[in-house]
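This document starts with one chain, in the form predicted alone, laid out as structure tokens.
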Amino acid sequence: MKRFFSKRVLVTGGLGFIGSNLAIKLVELGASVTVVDCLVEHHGGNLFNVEPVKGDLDINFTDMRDAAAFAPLVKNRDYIFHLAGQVSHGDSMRDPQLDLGVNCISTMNLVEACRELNPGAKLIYTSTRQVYGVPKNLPVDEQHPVMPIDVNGINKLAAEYYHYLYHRTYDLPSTILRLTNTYGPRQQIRNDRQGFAGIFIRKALKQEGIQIFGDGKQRRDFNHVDDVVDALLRAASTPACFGEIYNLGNQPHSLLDFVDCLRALTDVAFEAIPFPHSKKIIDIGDYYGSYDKFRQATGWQPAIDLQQGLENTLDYYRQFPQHYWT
């Protein structure tokens, strides 16, 4: 990863979960890093996330929805990792205007600013497996039809198209990674806005008991955040990736498998309960993706198994409880 030494890098959403882990790694690789994050309340931005490198990067609190204020930040950047976004599927249904602004308007402002001020910047965008909706076949590859079942999936898909359109029309190099269930240190776990993995981890830490909707046999693939950071860096370092869309993924596990790993580490109790209606209407059943296309392009494959990843994650939160869950 010598490619990033002395490079000027902008990380949007850089005080959030994945963005902060990426920013820390980029600093370790010798990059000149600026993170931009407007710290939307309850959505995961946390200044403590970049504590290990707080003196070695720049932090900017501009709201990307403000085009005029944001545009100057793209100047002279070699790489822009676009991780800012609203990721809660439930929140997107309760407040679709916020989701539209944070996921679509912000992305349009980014690509337009780059077109006008820095067309040579390399962009990497983190999208979501949610764009596929209910899988028609498993594992899901990039040829699978897209049919989002919530506002978040629709807006993330639109943001993908903005990147792809500007790549094709204006030669603005962009790569899109569709992430699956990412977990690990620095995830927002105080509330229920960042997926069930974070909810289950918090409940295990607090010994509150975990409720699984349905029978718990629903299968998912999980990626530890360190593997996701590795994928982002590989995507940015591989010229053949620009103009392409890739899935990440991993070996599938049932929700019961996930909880069993937590129980082995925390002895937390759990129960299976019927699906609440509000959850059932946006549930997709089984999902796990094929990452063969990305592996062939970059050599990436997940290195951290679920047991190891959860142990690492719990250790982190136990070390800093006041900043995340107490």
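Residue numbers run from 1 along the displayed sequence. In this text, all values refer to a predicted model and were calculated from it rather than measured experimentally.
The form predicted in complex with another copy of the chain is left out here; the points below concern that form.
For the marked spot (Val27, Phe48 and Ile199), a heavy atom within 4.5 Å of another copy of the chain in the model of the complex is absent from each of the three residues. Considering another copy of the chain in the model of the complex, the lone stretch of 97 to 105, 180 to 188, 214 to 222, 120 to 128 in range is 97 to 105 [heavy atom distance within 4.5 Å]. Using a 4.5 angstroms limit between non-hydrogen atoms, Pro148 touches another copy of the chain in the model of the complex. Interface residue remark: Ile154 is counted as part of the site for another copy of the chain in the model of the complex, having a heavy atom within 4.5 Å. Using a 4.5 angstroms limit between non-hydrogen atoms, Phe242 is distant from another copy of the chain in the model of the complex. Within 4.5 Å of some heavy atom of another copy of the chain in the model of the complex lies at least one heavy atom of Ala67.
Scanning Asn109, Asn250, Gln194, Thr238 against another copy of the chain in the model of the complex with a 4.5 Å heavy atom cut-off leaves one residue, Asn109. Shown without its partner, the chain has Ile149, Asp150, Val151, Ile154, Asn155, Leu157, Ala158, Tyr161, Tyr162, Tyr164, Leu165, Tyr166, Arg168, Thr169, Tyr170 in segment 149 to 173 as residues with a non-hydrogen atom within 4.5 angstroms of another copy of the chain in the model of the complex.
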